[in-house]
Structure formats: structure tokens, C-alpha cells
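Only one chain is shown below, in C-alpha cells, and it's the form predicted on its own.
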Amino acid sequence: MSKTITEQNLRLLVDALLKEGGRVVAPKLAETMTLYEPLATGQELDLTKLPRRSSKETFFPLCETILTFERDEAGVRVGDVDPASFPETVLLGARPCDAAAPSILDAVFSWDYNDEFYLERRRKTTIIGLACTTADDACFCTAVGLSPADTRGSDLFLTPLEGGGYACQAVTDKGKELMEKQAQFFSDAGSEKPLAPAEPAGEPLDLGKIKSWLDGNFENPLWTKIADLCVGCGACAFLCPACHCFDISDEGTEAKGCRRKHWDACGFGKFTNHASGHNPRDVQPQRYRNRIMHKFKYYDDKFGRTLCTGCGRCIRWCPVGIDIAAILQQVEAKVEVE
């Protein structure tokens, strides 16, 4: 099903969805940066820039309460958070590097345990993707097998048109259902031409060769060389659409409090610290090695997927300029030499 939608009607669509009681998460100017955030009105929608953070917060919040507890003379009462209370959501304007990530994360959140907090949000979310028509030198989606016009992960996909507005492609039944339910905002496709997709720099990587090298080079000196700059700030993991490490902690007093799930990162010094005090990854090269291994070897070993969509945020915002795409190119070059 192919339709078009004007810029004005897209904003009116947001207003209609909000009026029905749903939640719309989309790029929005927040102070000095663009972020994926819940909209209060369609006028807040800003599709001009790639948001600073990824859209994974829609499914996997930075911090969330998973139960509450209270103790008094009558005993202890535990209150569970019911995922059924999560609202129907539309994630609008997700770039291909963001839209592709949830289907990658589905595997780990439904592996040996079904994380209903994540999975219920996934079930209740319709993803409207947006093709990229610009890219900077940090973008490398094409290097890891995606593209600026990739529809994977989207339910409905928007492509900017030369004269303004967007071509709309229903990718899944969810997307088709949304278009049919909100038909008044969509028009039949005309002769408008789509804008040319962006062209990220860099050649496609041979992820198979890279994984093969990682399989046999756990102790390679390259890890020390690469990680000399890393300060373990965790920015790369927190900005990444596919990083998903989290910790669980109890907050409050013995009388009243809550149990909370919150993001963590394998680059943090205490991430692997044991209760005994032993830390099996006690220096930064070991921690950065784990980041690369996890994304391009371990996740592939277990789930057959690469844990990276090439969004470039970890490159763009690393305070010391570490470039994961350049590291992968180094690894690929070593495979060719060896």
C-alpha cells in the first residue's frame, strides 16, 4: 500500500493519535538538541535532524520501577508494575538505524526469560520509519548491511519528496492498519519524486571476516592499542540503539522503597566487579575488547545478528574520538594481511 502525506497532515496525524489517548514518541527539539521524546502536539515534531540519543528508550527506558515494597506492623506488601498498563505508542520518524534495532534486541529480551516490560512495549508500538537524505562522516549504516532507505523494523515507512511531504509505504500489517484507520490524512501517490537517499562514507565491511578474526584473537595486542584512549564514560553504550546492558537495584529504606531497572555499560570499571572484590575485566583494554566482541562476535554466536546498526552516535559523541568503524576497518585489514 503506497500513499503520500503532507507535512501539515503528518502533524495533524500526531494530534489525532494523541486525542485518541495514545502516546507519540518522535524527534523533538529539547533545549539545544533534538531527542526522541513524547510529543504534546504535532507542532513539536522536528524531522530535520538525527536525534542525539537513539529511540531504544521507547522500549527500554533509562530507568524504570519494576516493583514497590512497603513494610509495617501488618507485614510486607509487594506491588508489581503491570506491563498491561503501558500505553499504545507510535514511534514516529525513526531513522533506519534506529528502526532496525528493536528487532535485533528482541532476541536477547525473549531468550531464556521473557522480559515483559520490554516485550509489552514492543507489542504496543507501531514504528513509522523515515528515510535519511543526509549523512555525515560518522554514519556507517551501509558498512554493516543497512541503508539510509532501509525499511527493516518499520511498520510504516516515510520517504521525503522533492516538493515536500512524504511517500508512505506500509511495510507490515500494523502499518497498513494505521493508514486505514487514519485514512483522512493520507492521499493517493502522485508523480512527486522522492529525494535521493543519503550516501554514508565508507565501504561495506566483511562482517564474516571480522568475526573470524575476533574468534581467534582474544589476546591480540591490538586491544591495548585501541583502548589506550578510552576513558570508560559509557557514552557510546548509552547512545547506541542496540546496547542493552542493565542493572537492578533496590532504593528506599527497610520500610518502603522500590526495585528499579536501569541502564549499565560494559565500559564502566565496576561493571564486572564481583562481590568478592575480584574484577575479571579490571583494565580498560579488556572492557573495550568486550564491547567489540559483544557486538560483532558474541551476539552473532548466540543469535545470528550483529549488534550494531551503524548510526555513528558512538563516533560522533565520543569525548576522545574513538571511531568504531575505523577499528573494524583495522581488523578487516589485519585479516587480509594474515
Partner chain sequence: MCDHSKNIYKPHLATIEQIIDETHDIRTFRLVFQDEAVRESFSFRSGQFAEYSAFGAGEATFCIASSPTRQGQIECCFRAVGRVTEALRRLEVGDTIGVRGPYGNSFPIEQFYGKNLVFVAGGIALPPLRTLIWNCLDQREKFNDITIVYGARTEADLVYKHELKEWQERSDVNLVKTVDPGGDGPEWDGKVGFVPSILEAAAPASDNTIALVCGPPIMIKFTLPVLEKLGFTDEQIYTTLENRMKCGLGKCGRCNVGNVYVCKDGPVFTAGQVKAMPQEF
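From a predicted model like this one, the values you see are computed outputs, not experimental measurements. Numbering follows the first chain given and starts at 1.
In what follows, reference is made to the form predicted in complex with the partner chain, a form of this protein that is not presented.
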None of R259, R152, R121, K174 but one has a heavy atom within 4.5 Å of the partner chain in the predicted complex; the exception is R259
State the residue from S110, T133, N220, S212 whose non-hydrogen atoms include one within 4.5 Å of the partner chain in the predicted complex. S110
Are any of the heavy atoms in R281 no more than 4.5 Å from a heavy atom of the partner chain in the predicted complex? yes
How about K302 - does it come within 4.5 Å of the partner chain in the predicted complex, if we only consider non-hydrogen atoms? yes
Is there a heavy atom of T253 no more than 4.5 Å from a heavy atom of the partner chain in the predicted complex? yes
Do G75 and the partner chain come within 4.5 Å of each other in the predicted complex, heavy atoms counted? yes
Given that the partner is absent here, state which listed stretch (96-104, 259-267, 160-168, 233-241) has heavy atoms within 4.5 Å of the partner chain in the predicted complex. 259-267
With the partner left out here, which residues of 114-129 have a non-hydrogen atom within 4.5 Å of the partner chain in the predicted complex? N114, D115, E116, F117, R123
